[in-house]
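This document starts with one chain, in the form predicted alone, laid out as structure tokens.
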């Protein structure tokens, strides 16, 4: 029995299904979760999407985002929903710890677990792995999964808007190296379902508050540093600086991409001071595999041109470490 047949059997016999995704959900996490949610609801299943914590308001226009269950602050109810599930989908992550505050509840569940992800790593805790490392997005894989389970006819407009949103965000508006001909074929199929690309673009990329736009300007004008010989730009932000603007959830989303608009910059790194650590976002152009650098020196990883990481040093120590190591890129 192939994997799709196994999945089909599990879906058919499941009475309650949970779709989960990673902490601080982005466009691909929410888009893939809702895309799968709409499909399963349409074939008559009982489904709950659980996210570990709140997600950005610029994603809340998607159909049925109001049905998403936020675990943080609702832990007891979230545990009950998870305990009652007999099938759990883990989307856009391949290790339980990526769900942060939800991870213990997830791991305690006896449900059949299915991982669908595109990040580097080989999960061993699940029952079924449908991941494809190097795919443009989890939304691409959910499109493939729905087509394999049923057919392209099952992808309605709600599914199409959800999946297109994840394709758009995780390919950097179709510019990253994982944007293959197949990605454009999928995008074309989703457009044929009634998706208006300008509407998606405006909701996600042109929905800044005045405060957030001023914050981006402050970061570029006052905080960006450039190492010209390495074609590198980086920004360090303190908790005080982050709190001085009314950013809301996801307020720094996309900031790491801004220095990449400079023609002579091939690498951009954003450092954000958090409670007990510094969160790091890495971006690169061309054939620069920034994920190797993130993995080797900052406990991170992800994709060739877009990765994350962390530092438990001070801001000063982290900057010193970066400057000592940039020749390793």
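Numbering follows the first chain given and starts at 1. Keep in mind that what you see is a predicted model, and the values were worked out from it rather than measured.
The next section is about a form of this same protein that is not shown, the form predicted together with a small molecule.
Visitor: May I ask whether 95, 98 and 283 each come within 4.5 Å of the small molecule in the predicted bound form, counting any non-hydrogen atom?
Guide: Yes, the whole candidate spot contacts the small molecule.
Visitor: To verify the annotation, which of these, 60, 279, 45, 292, has a non-hydrogen atom within 4.5 Å of the small molecule in the predicted bound form?
Guide: Only one option qualifies, and that one is 279.
Visitor: Going by heavy atoms within 4.5 Å, which of 259 to 267, 300 to 308, 31 to 39, 66 to 74 lines up against the small molecule in the predicted bound form?
Guide: Looking at the other structure, the answer is 300 to 308.
Visitor: So in the predicted bound form, is the small molecule close enough to residue 113 to count as touching (4.5 Å, heavy atoms)?
Guide: Output for residue 113 is no: heavy atoms all beyond 4.5 Å of the small molecule.
Visitor: Taking the shortest heavy atom distance, is residue 212 within 4.5 Å of the small molecule in the predicted bound form?
Guide: Result no; residue 212 lies far from the small molecule in the predicted bound form.
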